[in-house]
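One chain is shown next in structure tokens, namely the form predicted alone.
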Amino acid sequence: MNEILRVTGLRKRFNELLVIDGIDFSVLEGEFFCIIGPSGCGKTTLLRIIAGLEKFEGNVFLRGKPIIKPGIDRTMVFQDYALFPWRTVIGNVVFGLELKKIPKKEALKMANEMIRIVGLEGFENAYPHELSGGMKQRVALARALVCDPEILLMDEPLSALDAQTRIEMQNELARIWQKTKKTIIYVTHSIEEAVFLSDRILVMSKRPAKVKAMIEVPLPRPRNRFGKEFLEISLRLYKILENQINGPGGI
């Protein structure tokens, strides 16, 4: 796979507070790339920098071109769905295509196909208040994917769901990623979720954040959450994070 994103010498300050202190990593095209780390270490800030929503020191390149502002080549999916309550499912999904001036007939065809891919056929005319949390997140995912971004940025998108729905959505997200082969950068607090979904996991240190570890997840899909190798990788991550929290200067 070819490299799609490269981050070098990245630093971020909020006034005098140094949040990120010299991060370097790259992401491959079509990769499911997870980011985990202690609470408050700057995971969401890092995602917002890649989205072009934060100023920073250092370099972030998308296909060799510097990221300096938001663009249609990157789309972000948030924890709280960020759906328009006055729009139906199809109205929410087609929104980005309207901004891109896609002809209405073509845009509706594309939106309906993405609704089918995320498993929401039959709910095209439902409003967000009529949907469960998992269904709302599917709408948010469809709205992001239909615009065909270079990179899909996901900020703890499943954390507000109950345990059973979260597992179902992890399975669905893995299925959708395998179907679309979209490059995904995914922030999560859940070690199990990271191991279940990702090709590689970037572990950030406590603030000011550095790259503590880069963990390969060479497990075949679909993944067995109770398999020996799955549990071994999870335990390795737990130990790294535990050292970050309980070690010298931990939070």
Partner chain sequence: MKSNVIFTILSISLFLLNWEIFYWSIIRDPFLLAPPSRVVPTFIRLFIGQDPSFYMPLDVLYSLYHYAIGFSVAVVFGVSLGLLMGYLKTIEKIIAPTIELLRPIPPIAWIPISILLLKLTHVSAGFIIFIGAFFPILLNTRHGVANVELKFLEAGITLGADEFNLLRKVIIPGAIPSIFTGIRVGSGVAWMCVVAAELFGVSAYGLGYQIEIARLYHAPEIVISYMLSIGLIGYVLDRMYKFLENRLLKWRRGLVVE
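Since the structure is predicted, the reported quantities are computational estimates derived from the model, not experimental observations. Numbering follows the first chain given and starts at 1.
There is another form of this protein, the form predicted together with its partner chain, and it is not shown here; the text below is about that form.
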Would residue 218 count as a contact of its partner chain in the model of the complex, using a 4.5 angstroms cut-off between non-hydrogen atoms?
-> no
Though only this chain appears here, would residue 70 touch its partner chain in the model of the complex if you measure heavy atom gaps against 4.5 Å?
-> yes
Quick one: is residue 80 in contact with its partner chain in the model of the complex, heavy atoms, 4.5 Å cut-off?
-> yes
Heavy atoms within 4.5 Å of its partner chain in the model of the complex: does residue 62 have any?
-> no
Using a 4.5 Å heavy atom cut-off, which stretch among 85 to 93, 106 to 114, 159 to 167, 174 to 182 contacts its partner chain in the model of the complex?
-> 85 to 93
For the three residues 48, 98 and 147, verify that every one has a non-hydrogen atom within 4.5 Å of its partner chain in the model of the complex; reply yes or no.
-> yes
For the stretch 129 to 143, return the residues whose heavy atoms include at least one within 4.5 Å of its partner chain in the model of the complex, in the order they occur.
-> 129, 136, 143
